[in-house]
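First comes one chain, alone, set out as structure tokens in the form predicted alone.
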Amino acid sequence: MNRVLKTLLRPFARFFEFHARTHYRAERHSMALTAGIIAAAGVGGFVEIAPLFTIADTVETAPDMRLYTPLEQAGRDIYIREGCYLCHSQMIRTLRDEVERYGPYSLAVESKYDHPMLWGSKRTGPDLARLGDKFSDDWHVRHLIDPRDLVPESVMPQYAFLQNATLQTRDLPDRLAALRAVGVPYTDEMIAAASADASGQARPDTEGADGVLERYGEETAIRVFDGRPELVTEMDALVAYLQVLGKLTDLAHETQPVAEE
């Protein structure tokens, strides 16, 4: 048995011996080592950059794609701040069990305006890519206040403090301006009205609600998300964001994707 094993391992031993000798020689010649590093980095860079030249052919076109409103973007920032992405992915794979559980698999264009991407691979909790309108606002509020009240086996932390945390909106114009700098097509009007729009979306009986519909479309949800009309809270923002997940475009549903085995 030992003889057979040695015979099988002999080619690997010779390879590693050759590799060690070659590496030792390269380390003794700085120019050769530098050239090797440049060559390795060049190959890696090409592999990373080359696909970008065909991105127009690989990313779908979604004419109905809409932007996150200031309130939804604020909710997304809270989602990131609280580390929700560490336990929830937002990318449905092209596998049958994924599609049957969550809905149509995720398309690249659906994350077109996401900075940063929140695709993820960790699923302590379920994928949230198609969460929008799956549950009521009240369900989300109760779930965030005490997850085990609705899902007894949940290990999710409580976020009851969000209901009493006033949403800070004064920095939203700068936030939208920064996103425009990386390609999100917010207009000057959207940026200037960001703070008012964040409040208007969560207060349907105010004049600000009309401005939100005018700038972001009739499909925008205008309502009191957290059940407390007297105050715009971080809970409003987070629920507004959760309710729009998977609803920025209908392309995935319209194309009726077929699950792979």
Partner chain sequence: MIANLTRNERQGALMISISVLIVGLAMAALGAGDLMGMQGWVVILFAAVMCTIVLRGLDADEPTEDRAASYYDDPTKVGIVISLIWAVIGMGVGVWVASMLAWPNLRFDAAWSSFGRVRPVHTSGVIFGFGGNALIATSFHIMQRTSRARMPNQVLPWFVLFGFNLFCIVAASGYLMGITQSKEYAEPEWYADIWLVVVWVAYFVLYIRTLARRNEPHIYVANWYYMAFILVMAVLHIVNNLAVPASLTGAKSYSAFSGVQDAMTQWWYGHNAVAFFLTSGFLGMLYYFLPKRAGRPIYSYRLSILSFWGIVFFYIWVGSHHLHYTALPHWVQTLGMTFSVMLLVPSWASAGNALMTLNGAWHKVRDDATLRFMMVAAVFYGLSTFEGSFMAIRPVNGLSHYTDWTVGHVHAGAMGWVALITFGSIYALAPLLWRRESMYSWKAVEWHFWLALAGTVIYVFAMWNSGIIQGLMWRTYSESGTLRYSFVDSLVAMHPYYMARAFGGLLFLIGAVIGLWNVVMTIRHVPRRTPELDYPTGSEANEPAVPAE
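Whichever C-alpha set is largest while still superposing within 1.5 Å between the two forms counts as the rigid core. Residue numbers count along the first chain shown, from 1. Note that the structure is a prediction, hence the values are computed from the model and not measured.
Form predicted together with the partner chain: not shown, discussed below.
>> So, M190 and the partner chain: in the model of the complex, are they within 4.5 Å at any heavy atom pair?
In response: No, M190 is distant from the partner.
>> Check T124 for me: does it contact the partner chain in the model of the complex (non-hydrogen atoms, 4.5 angstroms)?
In response: T124: contacts the partner chain in the model of the complex.
> Is the gap between C87 and the partner chain in the model of the complex 4.5 Å or less for some heavy atom pair?
Replying inline: Yes, contact at 4.5 Å.
> Contact between E27 and the partner chain in the model of the complex at 4.5 Å, heavy atoms?
Replying inline: Judged by the heavy-atom cut-off of 4.5 Å, E27 is in contact with the partner chain in the model of the complex.
>> Under the 4.5 Å heavy atom criterion, name the residues of 41 to 77 that approach the partner chain in the model of the complex, in sequence order.
In response: Residues within 4.5 Å: A41, V43, G44, G45, V47, E48, I49, P51, L52, F53, I55, T58, V59, Q73, D77.
> Does the C-alpha of E230 move 2 Å or more between this form and the one not shown once the rigid core is lined up?
Replying inline: Moves: no, less than 2 Å.
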